[in-house]
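The chain below stands alone and is given in structure tokens; this is the form predicted alone.
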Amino acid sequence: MSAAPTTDVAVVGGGLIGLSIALAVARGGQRVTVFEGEGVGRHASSASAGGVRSLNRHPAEIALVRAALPLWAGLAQDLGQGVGFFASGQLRVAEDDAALAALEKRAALTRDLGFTHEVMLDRAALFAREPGVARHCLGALLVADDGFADPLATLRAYRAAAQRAGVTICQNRPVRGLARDGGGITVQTDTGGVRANAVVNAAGAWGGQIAAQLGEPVPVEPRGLQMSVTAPLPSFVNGVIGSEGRKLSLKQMANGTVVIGGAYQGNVDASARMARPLQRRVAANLATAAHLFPALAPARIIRSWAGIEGWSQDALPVIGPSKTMPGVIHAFGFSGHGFALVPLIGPLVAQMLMGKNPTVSLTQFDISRFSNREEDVNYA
């Protein structure tokens, strides 16, 4: 009987997080195999809004995302092809006094934590920056160096860079389990096992299942976040816009189309690994956007979609070593806002695999937090 094939590091999950990790590890000189149950980037990665956002992040994530942000400026050069990154700025708009007070409280919280990236704008400053915003708006919270990128271009760039670095990508090969085998780990698939020295669980919405198999369950809910795009319109908005108290995220592309989201949830069939938008929520999302930007009143939606995201109980990712199986590192549960972290997560996980302390602290994302739960506040 022939011996099982081997690899240095196996990455479970071929989304952007998994590809970023695979690329960083391969650049460190190790053999890397990615196991993807369907197609590369099939779910959250290809359905992402593409926001590169540090605005209004959970306090635990601020240092992480602020460290990731500068990497986006040089990412196209690093990967060898464009990712569509544009530092447009992101704003969270207040439409009434209560929302304005909430934004001022948020800005004070961020300052108290030692960060200065979030800046309050009064009405005049908001209208000067975004002349198309509705006149009832009272102000906004701004992060000037936030922006957005093209998720599909980013996915293509990471995949190509990983393959050039020698990463083996196995599509349509779901991982059924992990088994400790002497000094290594056997990755169990339908077409046989592969022995690895280390494994990274980057399985997105299915990362909790792998953790549960290892005896360290994490509550992860599959959510199908909706996105829509309109037919082209004359230019009316400059940055990425959200609203305090409403579900909204919108930006206008160079061709005039407007991409609208904001965490409206579609239907999810987790067993079939499918998500579909709900048309009534597409309409509600567009109505919210048009209330904030009257230029959207005649807009026509030409396409809507939803992708399955893995949402942890506290809306924070799990990043760090398994407590039950040595050699396994978790990186899942990014809860709809992992896109901005992609360029950083790969190098950080690679550092852990080499036995080094990551250059940005990850202690708040350790899986052990789910064994001793406390009440969480969700800033997402």
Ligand SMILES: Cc1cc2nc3c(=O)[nH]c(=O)nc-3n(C[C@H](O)[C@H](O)[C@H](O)COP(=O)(O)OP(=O)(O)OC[C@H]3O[C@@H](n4cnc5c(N)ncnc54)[C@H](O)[C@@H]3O)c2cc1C
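What you see is a predicted model, and the numbers here were worked out from it, not measured in a lab. Residue indices: 1-based, along the sequence shown.
Omitted from view is the form predicted in complex with the ligand, to which the following refers.
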Location of the ligand contact in the model of the complex, chosen stretch of 278-286, 125-133, 200-208, 91-99 [non-hydrogen atom, 4.5 Å]: 200-208
Residue contact check: residue 343 to the ligand in the model of the complex, 4.5 Å heavy atom: no
Contact test in the model of the complex: residue 156 vs the ligand, heavy atoms, 4.5 Å: no
4.5 Å heavy atom contact, residue 44 to the ligand in the model of the complex: yes
Contact flag, residue 118 vs the ligand in the model of the complex, heavy atom cut 4.5 Å: no
The unique member of 303, 291, 180, 273 whose heavy atoms fall within 4.5 Å of the ligand in the model of the complex: 273
73, 85 and 236 all contacting the ligand in the model of the complex, non-hydrogen atom within 4.5 Å: no
Sequence-ordered list of residues in 315-343 near the ligand in the model of the complex, where near means a heavy atom within 4.5 Å: 334, 336, 337, 338, 339, 340
